[in-house]
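What follows is one chain in structure tokens, specifically the form predicted on its own.
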């Protein structure tokens, strides 16, 4: 018997949501939790997570490491390394609210740190590269330790569970930030585990992703030539490293980065003006191994901004809404209207067309 709509569930894969105040207003994490609650059926309880920006004003000049530990001995080894490489300003367990819906909880610790001056000088690295290399070292060389957030004045909070339960577990209603992103996971061919939940982060970049990367092997082989290591058993991890590489290390703009990972078709490039055609041809040829193929919608959070991007065929849903200085983004329009019932403008970006929002200049946008 043919099943009708509503009698069978055909998932379109995961849920993403984000909100951003261009004026830098502080917004409770409760708002983004509400957005994920109405998209509950896009997840299956195997991963949920959030990233908040502007949430640590008291320690805004220090890197905030969020770390999962599988054992006390892993924590001891990792803290010894952190103390060697950094000045530790403050450390503590991340406050959580115990819940029967969140199980197999690792040890979850937070460190506000600054690179040791002598170690940084002797490394002959710039500060951000120094931090990246120490994060990679911990995540690849120390069994049972995983740094899942490492930016300044921002933090990632993730777990195995439905996103609304993860938000309650981490007490996100007690945090305030000018930008939030969120993810509800529906893994199809990778395991559900704490480290594999979204967002994935490096420095202040964080990624949530709905879809599947068919180019993962090519992307991973290329990016690992530059010192990154993909160890977290999910394809999304590589997107974070690609963006860190293209923007921080190569110096591309976000618009150029979007033209690499969601590159226009050659037929589209041929129809552009001469100057744009030359630029897009250069990007496609130079970074051909970083073209991401397969269905995706992603939200990139970064210090002072947010970018939304679909694959060039727009095979995953994403809608954007605005009200005053606020920008809301989600997989479904219902999530926008939960965050802002009187939203004024709603639209769906075209495939491969980035939507980039930044803090107003008076709030530090350069």
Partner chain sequence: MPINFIYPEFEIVRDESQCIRCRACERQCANEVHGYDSERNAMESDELKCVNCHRCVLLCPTRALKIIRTDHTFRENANWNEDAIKEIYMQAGSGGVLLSSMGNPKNYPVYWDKILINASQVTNPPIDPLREPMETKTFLGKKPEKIGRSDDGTLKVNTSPQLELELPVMFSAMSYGSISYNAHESMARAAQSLGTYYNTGEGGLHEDFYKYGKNTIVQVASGRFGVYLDYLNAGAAIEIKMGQGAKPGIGGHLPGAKIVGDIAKTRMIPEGSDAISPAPHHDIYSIEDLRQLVYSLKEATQNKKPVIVKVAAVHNIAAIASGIARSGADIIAIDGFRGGTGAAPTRIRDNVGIPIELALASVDTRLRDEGIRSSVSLVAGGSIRNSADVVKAIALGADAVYIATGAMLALGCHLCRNCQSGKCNWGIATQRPDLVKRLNPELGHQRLINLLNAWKHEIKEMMGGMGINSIEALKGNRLMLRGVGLNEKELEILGIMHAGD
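For clarity, every value in this text was computed on a predicted model and none was experimentally measured. Positions refer to the first chain, counted from 1.
Form predicted together with its partner chain: not shown, discussed below.
Out of the listed residues 71, 123, 114, 250, 250 is the one that sits within 4.5 Å of its partner chain in the model of the complex by at least one heavy atom. Among 118, 286, 140, 273, the residue placing a heavy atom within 4.5 Å of its partner chain in the model of the complex is 286. With its partner chain omitted here, the record of contacts in the model of the complex names 290 to 298 of 193 to 201, 71 to 79, 290 to 298, 173 to 181, defined by a heavy atom within 4.5 Å. The candidate spot formed by 84, 130 and 134 lies out of contact with its partner chain in the model of the complex, as no residue has a heavy atom within 4.5 Å of it. At a distance threshold of 4.5 angstroms between non-hydrogen atoms, residue 334 is out of contact with its partner chain in the model of the complex. None of the heavy atoms of residue 88 is located within 4.5 Å of its partner chain in the model of the complex. Not displayed here, its partner chain is approached by residue 215 to within 4.5 Å at the level of heavy atoms in the model of the complex. Heavy atoms of residue 221 reach within 4.5 Å of its partner chain in the model of the complex, making it an interface residue.
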